[in-house]
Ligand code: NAD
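Listed next as structure tokens is one chain, alone, in the form predicted alone.
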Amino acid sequence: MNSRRDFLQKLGLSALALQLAPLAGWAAGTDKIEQPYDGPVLRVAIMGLGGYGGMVAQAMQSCTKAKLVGVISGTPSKVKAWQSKYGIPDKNCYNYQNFDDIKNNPDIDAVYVITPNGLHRDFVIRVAAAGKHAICEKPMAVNAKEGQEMVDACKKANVKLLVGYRMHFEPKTLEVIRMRQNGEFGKIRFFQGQCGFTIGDPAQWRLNKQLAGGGSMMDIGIYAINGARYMTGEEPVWVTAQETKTDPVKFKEGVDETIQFQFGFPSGAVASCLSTYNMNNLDRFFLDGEKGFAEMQPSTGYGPIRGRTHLGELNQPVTTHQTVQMDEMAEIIFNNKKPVVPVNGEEAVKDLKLIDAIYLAVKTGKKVEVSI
């Protein structure tokens, strides 16, 4: 624990930094001082006020291009608490029955759906029908068929469909992608993605097949699937997979505990990945090429992400993922900005096709050819 003396020393240094800040700006020239953002602000309603919804809401307080303005929840007490905390007016509060009325609310631009996976499809389609842009947490749906229906509905309504792929904006991740694109690793040979934790409460929705769409694969495994694609820069052409279940009471039929899966890519590169709800300390990506490597651990957690390559430690800035994500999504919606790695519905459908293939490979025990 820091002592009072340490605290006062830090306080003094902070005060000194504040005094010097204007001088630093003057010395660098006024053109170097960042001007306040005065462009359009994406006004967002969050649907689903659970743990992750709260994390997004808190992170959005630091956004410059996006703002939390509304809530959609089936729990009135949560709505009241969020109204008090974030200053949300009554007219921007809805429940799951009446939120279609947002079509008549000009003060909401987009709805971020952060509900259990099994509810994503219907809610996103309703958001699109209301003429609002849809942001959906990942995995976007429980299978590729439902995902494509969501894409089609948003296209028909002429609204954007974006997915909460926060890692697509994370600085260290983007640096590894840049290095790979520039050939600094040489020809990619191998990717490994390990994603897992020991899940708790057996009654939670993540262990309910109808709500979750599966088990660990539909929660943590999506990171390894998506990561294999953006780290290698290729799309898999075949999948093999094996399931291990040690607790059939907790992990009932259709709810996977642990799945190991493998991808093959057109270049000949391969991926070996693990998704589990029964092991801790698993949040690691490893990319190997003929000229070098990249290792990230933690690789997809809320931060800070850490990594190194054959050239040394990655030292890009630590960011709040959801803050950057929402500001970037505002740019995508308003200015059609093209991110380095897509975050649209089409990108999500590709992941869902691979999830479908993994489950099929587990069921049949055979190699499954894929085309995404």
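Numbering starts at 1 and follows the sequence shown. As the structure is a computational prediction, the values presented were derived from the model and not from experiment.
Missing here is the form predicted in complex with nicotinamide-adenine-dinucleotide; even so, the following discussion is about that form.
A.B. asks: Considering nicotinamide-adenine-dinucleotide in the model of the complex, which of Lys145, Lys85, Lys252, Lys78 comes within 4.5 Å of it through any heavy atom?
C.D. replies: Partner contact (heavy atom, 4.5 Å) among the options: Lys78.
A.B. asks: Of the options Leu49, Ile332, Ile305, Met60, which one has a non-hydrogen atom that comes within 4.5 Å of nicotinamide-adenine-dinucleotide in the model of the complex?
C.D. replies: Partner contact (heavy atom, 4.5 Å) among the options: Leu49.
A.B. asks: Name the stretch: of 286-294, 265-273, 215-223, 252-260, exactly one has residues whose heavy atoms fall within 4.5 Å of nicotinamide-adenine-dinucleotide in the model of the complex.
C.D. replies: After filtering at 4.5 Å, what remains is 215-223.
A.B. asks: Since only the chain is shown here, I'm wondering whether Arg121 would be in contact with nicotinamide-adenine-dinucleotide in the model of the complex (any heavy atom pair within 4.5 Å).
C.D. replies: No - in the model of the complex, heavy atoms of Arg121 and nicotinamide-adenine-dinucleotide never come within 4.5 Å of each other.
A.B. asks: Tell me, yes or no, whether Thr115 is in contact with nicotinamide-adenine-dinucleotide in the model of the complex, where a contact means a heavy atom of each within 4.5 Å.
C.D. replies: Thr115: contacts nicotinamide-adenine-dinucleotide in the model of the complex.
A.B. asks: Is the gap between Phe197 and nicotinamide-adenine-dinucleotide in the model of the complex 4.5 Å or less for some heavy atom pair?
C.D. replies: Contact with nicotinamide-adenine-dinucleotide, no.
A.B. asks: Answer yes if any heavy atom of Glu137 is within 4.5 Å of a heavy atom of nicotinamide-adenine-dinucleotide in the model of the complex; otherwise answer no.
C.D. replies: Glu137: yes, in contact with nicotinamide-adenine-dinucleotide in the model of the complex.
A.B. asks: Tell me whether Gly53, Arg206 and Leu211, taken together, all sit within 4.5 Å of nicotinamide-adenine-dinucleotide in the model of the complex, counting heavy atoms only.
C.D. replies: Yes: each residue has a heavy atom within 4.5 Å of the partner.
A.B. asks: Where, within 163-194, is there a heavy atom within 4.5 Å of nicotinamide-adenine-dinucleotide in the model of the complex? Residue list please.
C.D. replies: In sequence order, Gly164, Arg166 come within 4.5 Å of the partner.
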